[in-house]
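Here you get one chain, nothing else, as structure tokens; it is the form predicted alone.
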């Protein structure tokens, strides 16, 4: 951890500062969103209140992403606006957390010297101590690898119905395109009892749904002790699902993100047997071509991926299958790209998150000499997005005129005459509020909804009595 003295005049302004308001902007994945909730909880614990305006907050925290260059550049754009503000308001505290902070470290401080605190994802639970160093008149860089102590922070949840629960941090995979292992560190699984206790607390606070989170959640427990009598691991994701399933008050359990290399028949069987586990699986395939998968170092074949989907649909025919895909990976030919389009058509995904390949620092693929031209990237991304939209719309037609159980999470912010929630298969659903019916009575409850409209990525319906 690097600690650098601030200029004397800045040091005095820090001494004069008082606890005020905070603003957090989150870039990137669900893991980052969960981290932001925990950091918000820490800030409120030490006396900050949530600001109503980013440009009036006394502390601004950007929880950053570096998975693609566009996300990284967006952070710098946001920072530039706050730097101008800090020149007029030197008491403003600027914090950069997350994956970009970890990747850039002290070099980010040289690029933007107005930043007070730079902290990687492994230091989220230590925010209070890091800020105390800032309050003592230091600029702090916390990016060294560290053991992530059990989460004792009180997260400020954005939802009062659905809660994220981290179960494993970091990633040990070495995909040739991915920066995550270098910025989030090695895999560190939380102990089952700690996870269950957090879920019990959520249930006590009337949460109805939990999503177990991990960068590679199927790896859960590989670093924990414990073997069964037959020599297999006893702390796996499957075991964890059985262990937490009896928490009273929780109605739905989800998990993300899965890796095809480790997705097992036993896990599929558990999801089928356990009533609370939702029929929704997010399993990235990244490419529909085996040669490209080998270049990506993904560790599975397309046939293995197809077999996973087949096994899921054998037990849960209407399960929702979503995925991630990368186009224009270095060396990808037109035919290899078309293999990806073919896979999307064959499987009929409910949704696919797509991206054109973006070289990331300290990854093998970034320095290969067979990079795809930008104009080809744009063409392929446009074409695959059109296919994904078409496939999703077709897939969603199966809901039309069906009665679906929807957990109501809140009001539709764009139309307050509607509520919004999700099916067990994770389809966002908008529901008309019945006349003479109190909205507060409906929130946090599951209701039977007759689906009247099916779009590519959402549904609409009415309460069915």
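Remember, predicted model here, so these are calculated numbers, not experimental data. Numbering follows the first chain given and starts at 1.
What follows is about the form predicted in complex with ligand SAH, which we do not show.
None of 126, 391, 188, 358 but one reaches within 4.5 angstroms of ligand SAH in the predicted complex through a heavy atom, and that residue is 358. Distance criterion of 4.5 Å from any heavy atom to ligand SAH in the predicted complex singles out 298 from the list 208, 93, 298, 280.
At the 4.5 Å threshold, heavy atoms of residue 143 stay clear of ligand SAH in the predicted complex, well away from it. Ligand SAH is not shown here, and in the predicted complex it never comes within 4.5 Å of any heavy atom of residue 212. Within 4.5 Å of some heavy atom of ligand SAH in the predicted complex lies at least one heavy atom of residue 259. Although the partner is absent here, residue 122 is not a contact residue: none of its heavy atoms lies within 4.5 angstroms of ligand SAH in the predicted complex. The stretch in contact with ligand SAH in the predicted complex, judged by heavy atoms within 4.5 Å, is 175-183, chosen from 175-183, 236-244, 304-312, 337-345. Residues are counted as partner-facing when one of their heavy atoms sits within 4.5 Å of ligand SAH in the predicted complex; in 305-344 these are 324, 325, 326, in sequence order.
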